[in-house]
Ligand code: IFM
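The chain that follows stands alone, in the form predicted on its own, written as structure tokens.
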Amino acid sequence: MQGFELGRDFLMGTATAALQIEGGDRNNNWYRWCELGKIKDGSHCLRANDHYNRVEEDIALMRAMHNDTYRLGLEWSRIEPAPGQWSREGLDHYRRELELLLDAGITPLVTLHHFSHPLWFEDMGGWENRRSPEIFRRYTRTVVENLGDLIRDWITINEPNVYAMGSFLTGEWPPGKKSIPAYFRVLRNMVLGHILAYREIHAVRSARNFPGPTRVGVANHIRVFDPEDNALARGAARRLDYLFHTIVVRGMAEGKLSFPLGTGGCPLGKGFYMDFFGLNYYSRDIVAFSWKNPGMLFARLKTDPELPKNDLGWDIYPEGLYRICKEYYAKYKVPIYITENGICDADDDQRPRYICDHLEQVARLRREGIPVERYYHWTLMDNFEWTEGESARFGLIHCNFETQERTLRNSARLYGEICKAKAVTPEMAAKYLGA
């Protein structure tokens, strides 16, 4: 690798989710899912990384890697443990964490909903309930009123399409429902919830004269769907792209409820509800046509035998990051934040090259004038990876879950050097990639 520059104005950091690292909370939907024995390796989110009690230690690790910014989640159940009841302890904890980040020179990007929420919300149907958008707006307002002076950058909802699919279509996530109509009801309510939250964040920060510009977006999970070379596969790929990507992104950006979320109108009014395009990118799929998969719109997803794979068997395809950024910048003309990009790699033998290859695509985009402004590596440290439990290791930092000892991997040292230099040099490539 010859090396490349990213630019001194490019912000780099790491990303986590509250449920996956904090531990100790018994009042959320994933706690119940773990109690039901739904985690593949038998682990439990109650342990996770004990981050709730180790905030200072983990921020010190971010500083050691020269992170400019950090994407963190707030655990809704710690803030609103019962409907309309607000926990001063929970709000104060997050205020302290945010202050520590700012004191360390690390800019927070805060996620309000990242797959987890209180049990009372789950028991009323969660995002399937037609009242959920307004309930989410109320939660958002309380957070912004109490923490908005410390937070300029916000993600309302993480990967709404992935959440709706796992929780209401495949049934692999809580509440374990399998219903195509429920999938679309949930996406509709999440679109409306995002719009209400977007407006609330801007309104409260403006009314309170909180410092700095307000930037609000969504962390969109976008995959590349490349069809096999036949008409049926191309049709299946187009349907998947429309129903997994387009209807969600269009709704959250433009307020437009396209079929089957709605009839094409804007029930909350026309507008533009995205200050940046957040992109979570991991892989691509080869789409084949299959009569046996009506629930997947007659599509069958395959991997490319010529591409390397991560520990979960996903294709490693860096060019997909370039393709998606080009496509969505052409549509929306807003800055792009890579809100997640990473690899499950317990041995850490693929992660250094994965980082360099994907950042090389970012450098290519920036040279072409596409305003990719930030990159958040997923993830800071090995964590509780949803139904995979503790077995799927995405961390730059190795975590011994028994002792909670954190150890910087080789990839973490490389990433720290890249964050500091805002470049990948030939010397780094030779040192870490053997190239």
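Residues carry their position along the shown sequence, with the first being 1. Being a predicted model, the structure only gives us computed values, none of them experimental.
Omitted from view is the form predicted in complex with the ligand, to which the following refers.
- Listed stretches are 365-373, 41-49, 382-390, 24-32; the contact stretch with the ligand in the predicted bound form is 382-390, by a heavy atom cutoff of 4.5 Å.
- Exactly one listed residue, out of 77, 158, 140, 167, brings a non-hydrogen atom to within 4.5 Å of the ligand in the predicted bound form: 158.
- Residue-level contacts in the predicted bound form: of 114, 358, 188, 284, one residue has a heavy atom within 4.5 Å of the ligand, and it is 114.
- Mapping the unseen interface onto this chain, residue 200 falls outside it, with no heavy atom inside 4.5 Å of the ligand in the predicted bound form.
- At least one heavy atom of residue 394 is located within 4.5 Å of the ligand in the predicted bound form.
- The closest non-hydrogen atom of residue 70 lies beyond 4.5 Å of the ligand in the predicted bound form.
- Of the heavy atoms in residue 314, some are within 4.5 Å of the ligand in the predicted bound form.
- Using a 4.5 Å cut-off on any heavy atom, the one residue of 1-37 that reaches the ligand in the predicted bound form is 20.
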